[in-house]
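Next comes just one chain, in structure tokens: the form predicted alone.
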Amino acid sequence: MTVPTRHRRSVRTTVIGVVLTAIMLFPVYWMLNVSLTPQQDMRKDPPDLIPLHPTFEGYKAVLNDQMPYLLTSLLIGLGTVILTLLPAAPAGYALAKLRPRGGGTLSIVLLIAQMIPGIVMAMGFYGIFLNLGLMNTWWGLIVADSTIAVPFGVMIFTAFMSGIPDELLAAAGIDGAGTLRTFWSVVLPVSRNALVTVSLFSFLWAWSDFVFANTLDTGGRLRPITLGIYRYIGNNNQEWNAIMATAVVASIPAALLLVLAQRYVAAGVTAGAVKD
């Protein structure tokens, strides 16, 4: 292939990528545009492609009305990350390196667990939480959200830790480290990419959860941002700039985490794809 031909193909691929990216990101841009549009310009025909007279009234309303929901979602997200890592990391280590009896069956069960629709799990949790008195509690949502994240976390940790050389673990054993010490001092430090990947996806699932929140926290004092947006739409169905401002603010933590952790996630989700 000649250099001009490669150059033309590269330019064509770049243009197609830019166009597709613009199409996918247009709803995000429009959400930002509407959040800055004054209420009196909301029904203009045709609408303004850029906010000619931007207003921040919607964002003021968000800070006044939605901040408790944002803090609750942050609490639930961090709690879900902790509750996911505690069982998922040791389980992944056991399946990858200790190879317990029935490990293959357990891996299949974890894969099947990922296929169960969230609404089905929510109905089951409703009956259990009602009997245990966990309805309308933020820690109940942490437990529910972690049930989705733990199977995913175990599979990611298993794939990543399978690539850790056995010689590294053997060297730790020669130095007198037992199984737990080897896991804590050797395996976890070199599993940073997997830790970041599982933590990120766990947080994002908890942050964006609506099904569990709407089913298990219908009257609690602390509610996540997804319920805050839902209630806001119901109470302010004409104030679209405030509604979109709420969506923009709720998207900022997830977007920042994805940008900051991008390279770790790329390495974590592809771990185990190539075997020596």
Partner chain sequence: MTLVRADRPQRSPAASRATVSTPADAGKGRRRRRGKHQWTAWAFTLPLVVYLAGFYLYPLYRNLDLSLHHYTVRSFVAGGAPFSGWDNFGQVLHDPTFWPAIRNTFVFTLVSIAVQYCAGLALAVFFNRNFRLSGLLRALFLIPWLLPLIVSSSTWAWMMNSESGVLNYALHFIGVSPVDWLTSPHWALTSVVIANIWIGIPFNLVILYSGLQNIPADLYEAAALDGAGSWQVFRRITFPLLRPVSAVVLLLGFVYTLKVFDLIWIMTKGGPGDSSSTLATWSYRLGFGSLLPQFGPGAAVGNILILIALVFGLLYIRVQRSQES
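Predicted, not measured: the structure shown is a model, and the values here were computed from it. Here, rigid core means the biggest group of C-alpha atoms that superpose within 1.5 Å across both forms. Numbering follows the first chain given and starts at 1.
Keep in mind that the form predicted in complex with the partner chain is missing from the display, and what follows is about it.
Under a 4.5 angstroms non-hydrogen atom cutoff, the partner chain in the predicted complex has Phe125 among its neighbouring residues. Not displayed here, the partner chain is approached by Val109 to within 4.5 Å at the level of heavy atoms in the predicted complex.
The partner chain in the predicted complex is not approached by Ala172, whose heavy atoms all lie more than 4.5 angstroms from it. Trp30 belongs to the set of residues with a heavy atom inside 4.5 Å of the partner chain in the predicted complex. Proximity to the partner chain in the predicted complex, taken as a non-hydrogen atom within 4.5 angstroms, holds for one residue of Gly133, Gly176, Pro189, Pro100, which is Pro100. Annotation for Val15: C-alpha shift of 2 angstroms or more between this form and the one not shown, rigid core superposed.
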